[in-house]
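Just the one chain here, the form predicted on its own, laid out as structure tokens.
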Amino acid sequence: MIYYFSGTGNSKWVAENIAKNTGEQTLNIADYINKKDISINISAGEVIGIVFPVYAWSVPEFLMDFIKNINIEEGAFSFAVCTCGDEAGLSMKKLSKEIKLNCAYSIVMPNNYIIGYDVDTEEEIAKKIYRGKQKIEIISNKVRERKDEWDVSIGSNAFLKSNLVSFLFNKFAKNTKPFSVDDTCISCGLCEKICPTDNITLIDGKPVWGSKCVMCLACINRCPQKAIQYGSSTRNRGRYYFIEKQGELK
């Protein structure tokens, strides 16, 4: 079984392709976020994979909470894959303190954190997805063969980024007050539907954000009208969510 979390589709695509290549099934971690008393047991001989996006060079807090509900018996095979715009920092090292990992990988995928910076160019997106496909094949082979491996791009200043920057992100950046919607909103309700934590409610046809945001940015990136903004910085920036044909190099 491969458990995944994905806001704009990168990690979902990775998880589904590894599952297809290895004969495993996938489950969306978002289905567990609001549930209590979760208990997942992985028996000897079984496979468990965790696929997730890196947030501020670390593991999303809600994912760490989810991991605590997993019990892996001796003889099971466990692996994790994180998707990141450039570097994974110490995310996998942190995850491995909570769950036994036989394999750990990072895959560079297109940037989606438009609060901090603009999206990649079309050429950069295509290259990242193309290389991602190649990395998925390598990972799938290792999982099928039950081969232990650690292939994670940590990057520079990893300790500082994965501790101090991550701490500041979790304490201050998950603020929904800067979210707004402009007059181009057509009240399609997509943002409410795709929010993994059920944090968006439509009031008079317009989205209103609650306090359970995990900053996956699915709402702002997938709005068909680009009507959702975060402060003033996103107005002139692009939007990104995964479409496989973007990886077709010309």
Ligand SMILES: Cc1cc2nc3c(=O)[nH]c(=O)nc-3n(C[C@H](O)[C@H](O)[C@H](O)COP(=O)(O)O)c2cc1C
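Because the structure is predicted, anything quoted here is derived from the model rather than measured. Each residue number is its position in the shown sequence, starting from 1.
What comes next is about the form predicted together with the ligand, which is not displayed.
Peer 1: Which of these residues, Asp151, Glu123, Asp118, Asp86, gets a heavy atom within 4.5 Å of the ligand in the predicted bound form?
Peer 2: It is Asp86.
Peer 1: With the cut-off set at 4.5 Å between non-hydrogen atoms, does Ile50 touch the ligand in the predicted bound form?
Peer 2: No.
Peer 1: Can Asn112 be called a contact residue for the ligand in the predicted bound form at 4.5 Å between heavy atoms?
Peer 2: Within the cut-off, so yes.
Peer 1: Test of understanding: in the predicted bound form, would Phe77 fall inside 4.5 Å of the ligand by heavy atoms?
Peer 2: Answer no; every heavy atom of Phe77 is more than 4.5 Å from the ligand in the predicted bound form.
Peer 1: Can you tell me whether Phe179 touches the ligand? I mean in the predicted bound form, with a 4.5 angstroms heavy atom cut-off.
Peer 2: Taking the distances in the predicted bound form, the answer for Phe179 is no, it never comes within 4.5 Å of the ligand.
Peer 1: For the chain shown here without its partner, which stretch in 182 to 190, 40 to 48, 213 to 221, 199 to 207 has non-hydrogen atoms within 4.5 angstroms of the ligand in the predicted bound form?
Peer 2: Answer to the contact question: 213 to 221.
Peer 1: Which residues from 48 to 65 come close to the ligand in the predicted bound form, meaning a heavy atom within 4.5 Å?
Peer 2: Read in sequence order, the residues that approach the ligand (within 4.5 Å, in the predicted bound form) are Pro53, Val54, Tyr55, Ala56, Trp57.
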